[in-house]
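Below, in structure tokens: the form predicted alone, a single chain.
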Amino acid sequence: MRTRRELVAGLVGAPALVGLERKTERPIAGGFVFEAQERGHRIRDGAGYGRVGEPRRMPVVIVGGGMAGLCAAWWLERSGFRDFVLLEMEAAAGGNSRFGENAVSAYPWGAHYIPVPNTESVLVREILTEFGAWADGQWDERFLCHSPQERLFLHGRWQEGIEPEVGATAADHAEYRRFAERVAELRATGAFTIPMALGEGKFGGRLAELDRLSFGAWLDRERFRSAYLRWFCDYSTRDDYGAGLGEASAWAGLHYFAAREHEEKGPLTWPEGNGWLVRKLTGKLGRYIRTGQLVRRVARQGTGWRVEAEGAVWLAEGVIFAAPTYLAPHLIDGFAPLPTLQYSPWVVSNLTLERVPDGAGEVAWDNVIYGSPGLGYVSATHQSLRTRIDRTVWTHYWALAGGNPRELRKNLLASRWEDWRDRVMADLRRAHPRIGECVERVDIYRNGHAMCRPGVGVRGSYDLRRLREGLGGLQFAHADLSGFSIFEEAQYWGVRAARRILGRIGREEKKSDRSNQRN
């Protein structure tokens, strides 16, 4: 289970399916959402802006209201520190965990689950305990993913689970077992952890070699040839990283499998996905959050920092830069580019259905189609306790892997809503030929820089090292510092930055709130 091309029809797959059943299909409403590209490009291009008034003093300023920024704010507040402000460009905080809601259900616009945290993930357990997901030694059953959890459409029918089984040969199963054995060996090293920083001391030597070749090259070297196994590995890296076998490093691909317990219950999920946690955090921290604040410049001023936004200028002792790090060279005076880091574009579509298509069977939480260029869909109403569900919302994910991210991004932004509506519908017709009779609307989010791509060499790059070092009174906090985007990494770096800034400005955390996780 995970988080979730080009304009030419070949990358979409099955172009002949577009237009099928048009005579019986209903008109479909919808459009693009969160179209903030123009504002983002103003940052990129260094466009000017008007007067913003006299500077205000604020000991700590957090730039960016995604999960890292929200978790940095969470840690500051629970440490007894109140003198900070969080600046978010968008109309609402949340980043890749934003959500939407209509008359049918809430639904995610990005991250849609949190794996049940292992004992190493102390911070994750702390925040979930605070907001009531864990109490009296038990996970709240409402939030543990209900059955059926996941299924795969393969050879014309649905199977339980997404590891291909229908038509699998003895040779396929032998490779499955051998792959599982290699993963178990890597897990036993203790170098593959979540958060990843907990395994830093055990990373090196032969393990460092995994960062220097692609996951596909590693599969070749280890003689993993099963088409089913290779598809499963490729699906996994596209789903978590927005990168295929030839793009993700072997370290990243194997981390996906080796960093979590082999048998884990869960995951934890909600109709709005990780937007559930965004609701909790923004409800608790709302007085510190300033939305609609496009930060234009961050510069040293004396012993502190000057943060210039469209709405105000802030003079701070410390800054937590929790915005995506590709923005750092555009916003921070004198900060050099980060050439190693690339960002995968994604398309997330929310389809409102009048009813589930005929022949769909029992819809799982996560529904994947073998051989699809997309990543399948999750059902927003899956956790509902109602005995009968007619209208529902399906969230369809599509990572634009398999090409130069800059060109893919350019083509994505040049596309029309109708183009992507038809592609998403064509993808779903592979498993649901009559879905066009059921869909009322399709809303689509084009996320040009959805997540940092853990490509070959990123894990050990100088770019990640200097981001983690920070600039003294300016500390970086984003999942980008791990090279890949999941909640646990965003939270870890957000809390680490908050703790470093508290130390930097001479403010102590409450002793009772100190975590035993490495900082």
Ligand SMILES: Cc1cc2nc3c(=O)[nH]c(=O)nc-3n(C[C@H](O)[C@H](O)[C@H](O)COP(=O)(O)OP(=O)(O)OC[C@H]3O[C@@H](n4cnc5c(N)ncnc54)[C@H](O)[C@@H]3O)c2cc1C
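Just so it is clear, the model here is predicted, and its values are computed rather than measured. All residue numbers are counted from 1 along the displayed sequence.
Below, we turn to the form predicted together with this ligand, even though it does not appear here.
ask   = this ligand in the model of the complex: within 4.5 Å of a heavy atom of each of Gly64, Tyr397 and Met451?
value = Yes: Gly64, Tyr397 and Met451 each sit within 4.5 Å of this ligand in the model of the complex.
request  = Using the partner position in the model of the complex, report whether Thr282 sits within 4.5 Å of this ligand, counting heavy atoms only.
outcome  = Contact check for Thr282: no, nothing within 4.5 Å of this ligand in the model of the complex.
query = Can you check whether Asp463 is within 4.5 Å of this ligand in the model of the complex, heavy atom basis?
reply = It does not: once this ligand is placed as it appears in the model of the complex, Asp463 has no heavy atom within 4.5 Å of it.
query = Would Asn274 sit within 4.5 Å of this ligand in the model of the complex, counting heavy atoms only?
reply = It does: once this ligand is placed as it appears in the model of the complex, Asn274 has a heavy atom within 4.5 Å of it.
message = Under a 4.5 Å heavy atom criterion, is Leu294 part of the interface with this ligand in the model of the complex?
response = The answer is yes: Leu294 has a heavy atom within 4.5 Å of this ligand.
ask   = in the model of the complex, which of the stretches 215 to 223, 415 to 423, 318 to 326, 74 to 82 has residues with heavy atoms within 4.5 Å of this ligand?
value = Heavy-atom contact with the partner occurs in 318 to 326.
request  = Quick one: from Leu87, Val368, Val439, Ala431, grab the residue that has a heavy atom within 4.5 Å of this ligand in the model of the complex.
outcome  = Of the listed residues, the single hit is Leu87.
message = Can you pick out, from Leu351, Ala111, Ala243, Val124, the residue that has a heavy atom within 4.5 Å of this ligand in the model of the complex?
response = Answer to the contact question: Ala111.
Sequence-ordered list of residues in 229 to 259 near this ligand in the model of the complex, where near means a heavy atom within 4.5 Å = Stretch hits: zero.
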